[in-house]
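Have a look below at one chain only, the form predicted on its own, in structure tokens format.
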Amino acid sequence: MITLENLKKYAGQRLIVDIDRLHIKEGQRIALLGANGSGKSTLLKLISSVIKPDEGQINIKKEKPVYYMPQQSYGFSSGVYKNILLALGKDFKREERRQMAAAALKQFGLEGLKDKRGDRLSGGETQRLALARLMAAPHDLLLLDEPTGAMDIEAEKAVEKAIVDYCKKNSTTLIMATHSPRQALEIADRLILMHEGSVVEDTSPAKLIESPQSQWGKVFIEHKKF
């Protein structure tokens, strides 16, 4: 579905993404794992066309729409329910939109906040709203950047399940940046470990956790708590 070739991105003179070739199949759930500054967020921005590569190509099958959620989530000033309803646009009939928005409220635990202004939520609530807006409708390709970073553990686990259920139901290809091997294990069927902009391991989450092959993989896993 997605092929990256000779991809490079610089910040001044510093090379922050350097990937020779990477192919992502349709329907895969991929976790981009790595420390801060490893290039995860930059890679998502490149795939979503938020920024352009300095060298190389990104080819997406049939130019499918890319739906991207950045780390900094936001809520509009209207109520939570209306935030979700408006995001559905006019692609669906009115009653269908209402049903989809109500289902998204329930799925992301926002029913008790449906009338609260979207710009007055806590960080974790705002992330859940952003996910509900994005995932109220089916999509082929989702890019999520640390989607649970501001949530408590209970909300985080519920959202992880919601993401997996959504992807399975809609055959969605998911690329998600995370710093948590535990979260990668819960959500992804493929793990790409990044370090200094490059891919150092491309494996399953379980294999990386049990037996990292690269020196950086060993260091990273050794210092993570599960």
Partner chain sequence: MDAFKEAFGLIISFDKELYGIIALTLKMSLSSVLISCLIGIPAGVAIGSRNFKGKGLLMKILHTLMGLPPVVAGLIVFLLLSRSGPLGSLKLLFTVRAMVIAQVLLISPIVTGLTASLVAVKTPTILETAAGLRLSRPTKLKLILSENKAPLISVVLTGFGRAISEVGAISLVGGNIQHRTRAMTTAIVLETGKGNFKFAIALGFILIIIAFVINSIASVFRGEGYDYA
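Numbering follows the first chain given and starts at 1. Since the model is a prediction, treat every value here as computed from it, not as a measurement.
FYI, the form predicted together with the partner chain isn't displayed, but the following is about it.
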ask   = Pick from 196-204, 171-179, 60-68, 29-37: which stretch has non-hydrogen atoms within 4.5 Å of the partner chain in the predicted complex?
value = 60-68
query = Does the partner chain come within 4.5 Å of any heavy atom of residue 157 in the predicted complex?
reply = no
inquiry  = Given that the partner chain is not shown alongside this chain, does residue 190 nevertheless sit within 4.5 Å of it in the predicted complex, heavy atom to heavy atom?
reply    = no
ask   = Is there a non-hydrogen atom of residue 82 within 4.5 angstroms of a non-hydrogen atom of the partner chain in the predicted complex?
value = no
request  = Report whether the minimum heavy atom distance between residue 185 and the partner chain in the predicted complex is within 4.5 Å.
outcome  = no
Stretch 128-162 - residues with a heavy atom within 4.5 Å of the partner chain in the predicted complex = 133, 134
